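Below you'll find only one chain, the form predicted on its own, shown as structure tokens.
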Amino acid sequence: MKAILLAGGKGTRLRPLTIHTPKPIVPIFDRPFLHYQLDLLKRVPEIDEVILSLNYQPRRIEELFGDGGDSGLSIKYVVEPAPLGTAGAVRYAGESLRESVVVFNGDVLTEVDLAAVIALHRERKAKATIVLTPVENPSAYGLVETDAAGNIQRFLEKPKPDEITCETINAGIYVLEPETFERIPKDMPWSIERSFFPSLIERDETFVAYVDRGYWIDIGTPEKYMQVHHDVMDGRFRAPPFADAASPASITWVAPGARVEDGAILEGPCFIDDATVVKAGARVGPYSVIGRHCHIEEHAAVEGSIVWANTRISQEAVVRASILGRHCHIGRNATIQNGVVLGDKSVITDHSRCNGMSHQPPATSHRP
């Protein structure tokens, strides 16, 4: 059985972080995000190959994952000649498939039981099965209505309060029959949500829902990207290096090759990657994630922030509730706070002040 990962988007909502780093490989702690999706697929032994549907900076992704040997799954790469939309990408990537295929959006982190989804698809002899997830605020999403038997009835984009009839939304995970791909026009943008799925309903084909109430999040915004790290450190999503901890929220995780000088203060939960130096008097506060080869200099403070690799935070600088890309330089006594997002190689000069236009703490993920 094959799986298609739709990983061709430009990640515009995560800019400037994704200008040089495609969204599928933004780091979650010390691992590219795509690894977490491959981990989930590996739990289904019959999935023997993953097809990565790419468009934006495909070489960066292929260089990182190669043939998939290190991940334990065979990986094939299909590069769209131009953006084809979600359905167009599925047809282009799955042109030669003849058996049921699992399809994953490239920005979804979940613990769904894929084997159970596949089993339901086969039991119902469905043309398509879609995973749905409940949310607290359905008006911000497109709702998916089902009948009592779990058949899909209707898709409703961003409903008004008086139009809300259910709480379930599209989770971006499907099992599809390739025989249906012929209805997707070739070589032109086509939406799986707005065009392909409605065609199944119009033709009265078997199109069923699997409702999953476990962990699910779309990492595609800075707020949600930060929330994923909070969820792992709080134990809401079990993943390395916090997965085996009885009380993950108390851990200060420091890579063996990092150096934390005497007099530095670490407050858990936090993460410090390999070859990073935290100087005496510096403070790394709760929910901070410091990437490889970073320097946190004397009396600097990092609080609730994500700092990508090779970044230097100079003496007495403060980084609070923000995200810094690779190779940034934060000058002495500078303050960065309240949701600032800096792209790679940003330089903030001494004594500068960068304050986010608005700041909201990371939203709680859909379910603990």
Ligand code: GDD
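Quantities reported herein were computed from a predicted structural model and do not represent experimental measurements. Note that residue numbering follows the sequence shown and begins at 1.
Absent from the display: the form predicted in complex with the named molecule. The rest refers to it.
Enquirer: Looking at Gly85, Gly291, Pro222, Gly94, which has any heavy atom no more than 4.5 Å from the named molecule in the model of the complex?
Expert: It is Gly85.
Enquirer: Which of these residues, Asp218, Asp231, Asp273, Asp212, gets a heavy atom within 4.5 Å of the named molecule in the model of the complex?
Expert: None of the others qualify; the residue that does is Asp218.
Enquirer: Answer with yes or no whether Arg13 is in contact with the named molecule in the model of the complex, where contact means some heavy atom within 4.5 Å.
Expert: Answer yes; at least one heavy atom of Arg13 falls within 4.5 Å of the named molecule in the model of the complex.
Enquirer: Although the partner isn't part of this model, could you tell me whether Ser322 comes within 4.5 Å of the named molecule in the model of the complex, counting any heavy atom of the residue?
Expert: It does not: once the named molecule is placed as it appears in the model of the complex, Ser322 has no heavy atom within 4.5 Å of it.
Enquirer: Report whether the minimum heavy atom distance between Glu193 and the named molecule in the model of the complex is within 4.5 Å.
Expert: Yes, Glu193 lies within 4.5 Å of the named molecule in the model of the complex.
Enquirer: Wondering, does Ser53 line up within 4.5 Å of the named molecule in the model of the complex on heavy atoms?
Expert: Yes, Ser53 sits close enough to the named molecule in the model of the complex that at least one of its heavy atoms falls within 4.5 Å.
Enquirer: Based on heavy atom distances of 4.5 Å or less, which listed stretch (222 to 230, 170 to 178, 279 to 287, 262 to 270) is in contact with the named molecule in the model of the complex?
Expert: Correct option: 170 to 178.
Enquirer: What residues in 1 to 26 sit within 4.5 Å of the named molecule in the model of the complex, counting heavy atoms only?
Expert: Those in contact are Leu6, Ala7, Gly8, Gly9, Arg13, Lys23.
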